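Coming up is one lone chain in structure tokens, specifically the form predicted alone.
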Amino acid sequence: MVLDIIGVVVTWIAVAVAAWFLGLWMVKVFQGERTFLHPVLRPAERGAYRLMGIDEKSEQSWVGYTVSMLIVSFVSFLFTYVLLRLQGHLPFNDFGLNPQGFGPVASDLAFNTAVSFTTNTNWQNYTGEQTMSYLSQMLALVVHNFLSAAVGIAIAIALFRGLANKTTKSLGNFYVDVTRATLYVLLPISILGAIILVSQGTIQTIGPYVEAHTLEGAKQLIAVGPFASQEAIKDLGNNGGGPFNANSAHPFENPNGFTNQFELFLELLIPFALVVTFGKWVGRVREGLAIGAAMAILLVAFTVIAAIAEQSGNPALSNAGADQARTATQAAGNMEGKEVRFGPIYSAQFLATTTGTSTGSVNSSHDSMTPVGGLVALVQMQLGEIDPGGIGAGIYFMLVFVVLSVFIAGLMVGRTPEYLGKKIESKEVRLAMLAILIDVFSILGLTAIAVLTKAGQAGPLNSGPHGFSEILYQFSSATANNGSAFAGLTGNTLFYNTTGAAAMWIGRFLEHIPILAMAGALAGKKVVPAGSGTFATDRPLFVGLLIGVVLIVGALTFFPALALGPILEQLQLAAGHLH
């Protein structure tokens, strides 16, 4: 267990160091400064602008930026939907890109999948190795892994400009930001990450599935594919959709302990790097570090809570006399649904990281976690995934909470609230609250519909509080664009494919609109000199206030629903009930 804890801490330290340098790199990239990759990538960048008919020096208002984002996302959604529907009839299948001969994807499942990958959710109501051809994986899904991640980074950069701009209300150019995010950030790191994963045994081939002969003489078909390259961007871009149904519990995706921690490193890298980018962009690095500190404290706290719960095991089994202690031949704690290669500690860290970001990748079954472990996953998604959150989404949603925090602080000191010298007025506060309430409406509203309808009630395989948790998890994950699941819910139905797609669309695009509107409202605002009543937002006191606002808003909003699910289930287990 001690070695596991050391591995967790070493991973966090590696993220902190790498995020600092990557954050500074992204400032140069998005401000158009020359980098050492320019001789190689600048021609491709200029070619992309010519192909799109874009003037890279043109600027957009928040409305133009938003419209561009919606157009690109909608067109890419249609492309993916059509490709999946035609999967079995494409001419490229003759080139070994559909060796298993998979046919077209059903219309409702294709719709759900196209929305899922467009919104960076990567929710999967299908078994990857039994549904998707290599062409679908590489062209439809992996392209979205890059594009949706780049869109998230672009929205964050637009908000940075809104907070930093003092003389103009423009937020930059959406097409330029997405192109630079893809070429200079996502592609180079993904290529390096894929090489590292291949060296460790992650599968990368376009050969047909392998037929193996067992010792008993039976035949077994082993799924393979070009998946190391998909695995790298899956984690780096906080996508999470794996080519195998077992996701990162599968040895072809996650071969060993090193790759397990490397995947977590990739998941956390860009979200924390954007904190540094923000601080440098606005000229106050300590402001970014304060937000990063709040994110890190929440991540560590949730990881510790989940690890203790999983390491302690199932209290009902302990009450029944079962031995859950660690021995030379037995892993300690709750091992149901976990890979013996990783155990409770690394599984808990993976759970906290994948739901603290918007990755959704899993190396264990979240449905088999203790109620407290499941509670951690639910709370992190319901808070908006801000510790450190999804790629781009984490920092911009945390800045929504920053606006609310400085508003509360301003009321406390009797002064108009300010952030970075800009007055936070009623318009910004209303937009911040709207962004939060959109998530609340989606999660609780759709959960209520599912609980009250026969189609929704048919989904969970369990009854009681755990069955309710499975439904609540579905819409928390979909709205938060996370994509992980309580596997006890049958999601591949018309009801859950359509309502899940609606939740993903709401959580991605309806939430973006008020955030970009807030960026537009802040852009060009006159900077007010700091005075004696100005509340410092780069000090430990503000970090504490920010964490408090995040937790209080979440507790007041979601506690009743959580009380009906994981909290009640934990109380039942403590009383000795095994169901």
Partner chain sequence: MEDRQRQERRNLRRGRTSSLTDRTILLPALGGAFTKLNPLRMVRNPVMFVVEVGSVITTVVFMLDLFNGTPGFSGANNQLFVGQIAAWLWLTVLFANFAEAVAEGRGKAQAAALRRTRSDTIARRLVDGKEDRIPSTQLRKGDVVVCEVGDVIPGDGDVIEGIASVDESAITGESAPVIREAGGDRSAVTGGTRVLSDRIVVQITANPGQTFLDRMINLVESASRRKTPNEIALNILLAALTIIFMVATVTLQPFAIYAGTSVTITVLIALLVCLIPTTIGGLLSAIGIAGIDRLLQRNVVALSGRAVEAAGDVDTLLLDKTGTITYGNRQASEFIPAPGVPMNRLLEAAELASLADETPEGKSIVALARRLGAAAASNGGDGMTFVPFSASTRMSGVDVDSHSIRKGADDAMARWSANELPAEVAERVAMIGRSGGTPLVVGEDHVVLGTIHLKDIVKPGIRDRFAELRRMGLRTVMITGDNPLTAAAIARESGVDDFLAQATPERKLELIKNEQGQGRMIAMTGDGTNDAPALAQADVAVAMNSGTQAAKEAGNLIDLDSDPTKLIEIVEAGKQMLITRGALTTFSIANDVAKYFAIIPAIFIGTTVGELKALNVMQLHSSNSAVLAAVIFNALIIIALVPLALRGVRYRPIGAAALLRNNLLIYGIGGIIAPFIGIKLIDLIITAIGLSA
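Being a predicted model, the structure only gives us computed values, none of them experimental. Residue numbers count along the first chain shown, from 1.
Another form, the form predicted together with the partner chain, is not on view; read the next lines as being about it.
This chain is displayed alone, yet in the model of the complex one of Ala325, Ala455, Ala212, Val413 has a heavy atom within 4.5 Å of the partner chain; that residue is Val413. Residue-level contacts in the model of the complex: of Ile196, Val224, Leu317, Leu444, one residue has a heavy atom within 4.5 Å of the partner chain, and it is Leu444. Remark: of stretches 38 to 46, 51 to 59, 535 to 543, 25 to 33, the one touching the partner chain in the model of the complex is 535 to 543 (heavy atom within 4.5 Å). Although the partner is absent from this view, Leu90 stays clear of the partner chain in the model of the complex, with no non-hydrogen atom inside 4.5 angstroms. Although the partner is absent here, Leu568 is a contact residue: one of its heavy atoms lies within 4.5 angstroms of the partner chain in the model of the complex. Using a 4.5 angstroms threshold between heavy atoms, Leu437 counts as touching the partner chain in the model of the complex. Within 4.5 Å of some heavy atom of the partner chain in the model of the complex lies at least one heavy atom of Lys423. For the marked spot (Arg85, Tyr126 and Leu289), a heavy atom within 4.5 Å of the partner chain in the model of the complex is absent from each of the three residues. For the stretch 370 to 401, the set of residues having any non-hydrogen atom within 4.5 angstroms of the partner chain in the model of the complex is empty.
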